[in-house]
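Okay, so here's just one chain, in structure tokens, the form predicted alone.
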Amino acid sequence: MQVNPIQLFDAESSTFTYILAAPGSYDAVIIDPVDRHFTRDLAHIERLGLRLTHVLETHAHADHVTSAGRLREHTGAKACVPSGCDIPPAEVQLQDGDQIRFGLHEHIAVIHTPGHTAGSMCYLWRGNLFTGDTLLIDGCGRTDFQSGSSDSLYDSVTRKLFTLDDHVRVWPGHDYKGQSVSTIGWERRHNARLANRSREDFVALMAALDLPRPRMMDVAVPANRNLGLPHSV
């Protein structure tokens, strides 16, 4: 049975946060929470009578600060992060193929998808794929910083994500066009950057983007490597 996540949006960074509630229990997981929405996210969880068990990050973000550390302190949830993203305070360092278990019988499959960053992860739960900045709706994340690689991103999407069932829903980490959800089948056939494109064409396309440096990068990346908490003096 496919169950939809709760999707929350941060307009300043065009970032999506997701709450996954386990059917038949009170357990819940949150993916990519944003620090300025700490109170909002807690209110959603409490209003639904949920118990937060895990806080998941898809990577160390460069455009916003996470609330993972604050949520962990407030709820007792475990912080779970990609092992390749240099986030040492998190107690769960995820590897490709790991399973995150919560609720009565729920599990989230961990898929290592390097490219946007070297450690980036996607998470698959009940036919829902949470892609972070790896695969966006009609696009993909940039590959020009944090050990990014266009070659790696091409492999991550075409060899791992595009091999999933057509009906798997794609819930991206960002959207800049007013779109909130897609499917693997649609992205495989229509994604403007990746569909029917050779590796060489994709690498050339990404190299020509010439994107500006993320405005918050110097603040956000160090903060996110400490789960959004102030560094000790």
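Don't overthink the numbering: it's just position in the shown sequence, from 1. Everything numeric here is computed off the predicted structure, so don't read it as measured data.
The same protein also has a form predicted together with another copy of the chain, omitted here; what follows describes it.
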property	result
Within 4.5 Å of another copy of the chain in the predicted bound form, all of 2, 7 and 178 (non-hydrogen atom)	yes
Region of this chain that lies against another copy of the chain in the predicted bound form, out of 51-59, 166-174, 202-210, 65-73 [heavy atom, 4.5 Å]	166-174
Contact of residue 223 with another copy of the chain in the predicted bound form (heavy atom, 4.5 Å)	no
Contact label in the predicted bound form: residue 26 to another copy of the chain, heavy atom within 4.5 Å	yes
Contact flag, residue 129 vs another copy of the chain in the predicted bound form, heavy atom cut 4.5 Å	no
4.5 Å heavy atom contact, residue 137 and another copy of the chain in the predicted bound form	yes
Residues of stretch 35-71 in contact with another copy of the chain in the predicted bound form (4.5 Å, non-hydrogen atom)	40, 44, 46, 47, 48
